[in-house]
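Structure 1 and structure 2 below are the same protein chain in two forms, each given by itself as structure tokens.
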Structure 1
């Protein structure tokens, strides 16, 4: 082999090596070296190195490196570092912000700064989340307190309104509320050209009852009479405590006979339902009632207040008549216009 031939062969080998390093498509083994074992081994080593580097470029770190020597050692070291780096990134992803690297040069420095910043940001977000959670809990507690306070206030308002309108002992309308409601019902009945009846009730011998059984049982007797009377009323009728042991009723849309029937129903209910005392004894109560009627035609001449006062006077006179006739009785007042007084 002369000098020219050796140079030509060397150039062919170098050219093949350059193609293995630079071209995307690896070259075939030249025919001239197909049977040269050394050349074929060199070609296969370079192909193996291309494959390893290509797998690194794709992010595939599973490639087995069968080469030996310093380049293969560099590749193995790079593969091990990349695997370790991937593991550390996975730990950070799982929340372990204590991970640091010192084997990848500038990349390690950037990685460490990124982890520190990420940990700081995560801690800040956690603190804000905790603050928001505490704020939400505080708001919920405040809303709950305000809701409870509002419910108590509404309950108190309802209780105050009830107490302002009702007799605290018997639960029926107090005198002021009764007359306020009676005025509305009278106007409504008169507008329908219907009459109404007022009725007064007085418990018979109530002072004797109190003296005999005491004031506690006396209060029970008042509540009992109120309950029996209310059970006997129609929905349109109203009842109030007139004072002491006296109660007052307005029977709406009722003439004198209907007013008598309503009063008699109340009297009978009281008589036929004995009061049970605290000691177990039973006592029968009686009541006297007086009824007076108001004609709707009178509404054209007199005010509701005038008619109301007139009817109550007549009912009161009828009540005294019932007392005079032996008590436990209903008496009706004779039909009498205001102008007849």
Structure 2
């Protein structure tokens, strides 16, 4: 082999090595060296190295590196470092912020800063979450407290409303509420072309009862009469305390005979249920009642309050008659138009 040939062969070998390092498509072994074992081994080593580097570039760190020597050793060290780095990142992902790295140069420094920042951010978020949770708990407590206050207020309002509408002793409507309610009921009955009855009740010999048993028992008697009367009412009827020992009723959708029956039912209930005194004795109470009717046809000519006043006057007269006739009795007022007064 002369000098020119040696140079030519050397250039061919170097050209092939350059292609192995530089070209995207790996070169074929030149025919001239196909049988040369050393050349083929070198070619295969370089191909193996290309594959290793390509797999690293893809992020595949599982490649087995079969080569030996310094370059292969650096590849192995790089592979080991990258795999350790991946493991570190996995630990951080699991919440271990104590992980630090001191290899791979700038990457390590960035990784360490990132982990510190991540931990700081997560701590801040946790503190915020805790603060929000505490705030939510406080808010819930405040809402609960306000809700309880509101409930108490509503209850209190209901109690005031009840006290404003009812007689505190007997629990029936007071006079003002009774007439307010009666007006509505009257209008309703008249619109249905139905008549109504007013009824007045007076407990017989109540002054004597008070003088005999005292005012405390007198109050009990008033409550007792109110209870018995209420038990005898229909759903549509209403009852109020008229004053002293007198009660007033409105029997809705009732003619005079129906009004009489309703009043008689009340009277009988009082008579038939003896009042039990504090000392255990039993006393039978009696009541006198007067009933007056209002015809629906009158509603076209007179106002509700006019009709109401008229009916009460008539009922009062009937009550007077019942007293006059010996008490413990129901008397009905004769049908009498307002214009007949």
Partner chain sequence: MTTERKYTFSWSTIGDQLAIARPSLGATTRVEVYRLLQYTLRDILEEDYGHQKTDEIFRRAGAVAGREFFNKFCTDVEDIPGLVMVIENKFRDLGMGLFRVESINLEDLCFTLNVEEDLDCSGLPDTNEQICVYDEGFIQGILESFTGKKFEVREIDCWCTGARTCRFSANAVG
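Rigid core here is just the name for the largest C-alpha set that superposes within 1.5 Å across the two forms. Numbering follows the first chain given and starts at 1. Just so we're clear, the structure is a prediction, and the values are computed from it rather than from any experiment.
Enquirer: Looking at both, which one would you say is the form predicted on its own?
Expert: That would be structure 1, which is the form predicted on its own.
Enquirer: State the hinge position among 139, 154, 98, 127 for the rotation of one rigid part relative to another between structures 1 and 2.
Expert: My reading of the hinge gives 154.
Enquirer: Treating the chain as two rigid parts, what rotation angle in degrees relates the smaller part to the larger between structures 1 and 2?
Expert: Rotation of the smaller segment between structures 1 and 2 is 20 degrees.
Enquirer: With both forms put on the same core, how far apart in Å are the CA positions of residue 131 between structures 1 and 2?
Expert: That residue's C-alpha is offset by 5.8 Å.
Enquirer: Just grab the Cα shift of residue 110 between structures 1 and 2 for me, core aligned, in angstrom.
Expert: With the cores aligned, its C-alpha sits 12.4 Å away.
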